[in-house]
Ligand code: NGQ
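Below you'll find only one chain, the form predicted alone, shown as structure tokens.
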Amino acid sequence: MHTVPTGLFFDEALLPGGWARNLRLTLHDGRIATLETGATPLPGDERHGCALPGLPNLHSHAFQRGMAGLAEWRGDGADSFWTWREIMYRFVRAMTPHDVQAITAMACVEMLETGFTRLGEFHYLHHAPDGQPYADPAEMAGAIAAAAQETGIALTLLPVFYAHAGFGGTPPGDGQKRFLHDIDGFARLLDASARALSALPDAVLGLAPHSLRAVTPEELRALEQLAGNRPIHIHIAEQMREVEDCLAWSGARPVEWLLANAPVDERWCLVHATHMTGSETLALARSGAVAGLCPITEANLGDGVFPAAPFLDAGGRFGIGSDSNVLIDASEELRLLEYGQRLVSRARNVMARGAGQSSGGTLYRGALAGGAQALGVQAGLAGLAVGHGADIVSLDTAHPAMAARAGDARLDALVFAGGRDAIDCVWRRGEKLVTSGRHRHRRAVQERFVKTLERLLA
């Protein structure tokens, strides 16, 4: 039984309205019950140096954590996203729900250790190895929910609709048979997934058309109707070949086509959106949708660099995700997001929007707000405030990178210097899951993960 301390006291904390000193929190039923700044610690309080709100991870394929590093050998020709995808198809052929739970749990442990407290799981591995549905359509979704429950991370589950191999309803290939649904079967999957999430506190169910390659316009309209007010996520414009194929099919580029043919609004998250024209970038920003950026994976796959500066200038919203989980590290996602912009523009502090603004502060606040929106966190409930979920990350203020820092300088130190080593503890719904940078169940989860991979890769 893990008991909640009488109170939590932080010398410094990032609140929705800015930085505060001497913050004291009390907790009730997973939420912040009271919050006092300029406070004095009371006997029995647990004391820490600096508190941040936990970050949302808005885009993950957790099972891919098990293939991290397996696609780094050069093939006979030029390697690309498309050759990586063939390796992924081979990796999933024999994976069971038990395997998915073991690998997902390892990914969730690493996410929490780096400051992610909510996972957006873009879940498309649905069926048995022969492509036949399980008796419970949400068998695999249940494995993901079990991993979230085991590790304590918040979960926004995004079951993926996948029906075709290419634009215009191209028949799927053999490597995709575990992913496929028709609309009626997908509706049953959503109902079953809701039941799978019922035991998890503050879980959210959304849905995800995989990509414009994988759905027809008619299917996309049906999915939008199924979604209602739920989050809707879609891969889009990740690769130039995708852009070229979309132009050949429709005469429009992917983001251009989607914005013209779907009611894209604040419910939507467009994942990657890497290859856009200036007019597409402006239109996406004005739509209110979130751009889901995954800089580590986008670099690993050679995708390209998102046009962040004009997008932000137009008021665009963004969040970050760990996508293929080749490396799970929240601060590294933020760092690489900024560094990619610097390399392309040959300038510094590109994401900061004005003189005197901190790059680390801009990145952290932007990823918090955009990620919460994309993952269906109730409006206004992201951050440290009374009534909000007690999802808290504490920094190790004794870490060398934190020396003589305060306020946004701490966020700069976290993103650009200290990284995950500067994270001390993580609480989810007021329960301390990470202490001294290590998840309380890491050993058992890691041992199971290793045994699973030894069998899958034998």
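Only a predicted model underlies this, so the values are computations on that prediction, with no experimental measurement involved. Don't overthink the numbering: it's just position in the shown sequence, from 1.
What comes next is about the form predicted together with the named molecule, which does not appear here.
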Of Thr297, Thr156, Ser331, Thr151, the one that lies within 4.5 Å of the named molecule in the predicted complex (heavy atoms):
Thr297
The listed residue (Leu381, Ile183, Met240, Met88) that reaches within 4.5 Å of the named molecule in the predicted complex by any heavy atom is Met88
Would Asp323 show up as a contact with the named molecule in the predicted complex if we use heavy atoms at 4.5 Å?
yes
The named molecule contact at Leu197 in the predicted complex, heavy atom, 4.5 Å
no
Although the named molecule is absent from this view, report whether Gln64 comes within 4.5 Å of it in the predicted complex, heavy atoms only.
yes
How about Trp257 - does it come within 4.5 Å of the named molecule in the predicted complex, if we only consider non-hydrogen atoms?
no
Which single stretch, out of 355 to 363, 130 to 138, 283 to 291, 207 to 215, brings residue heavy atoms within 4.5 Å of the named molecule in the predicted complex?
207 to 215
Those residues of 120 to 153 with a non-hydrogen atom no more than 4.5 Å from the named molecule in the predicted complex are Tyr124
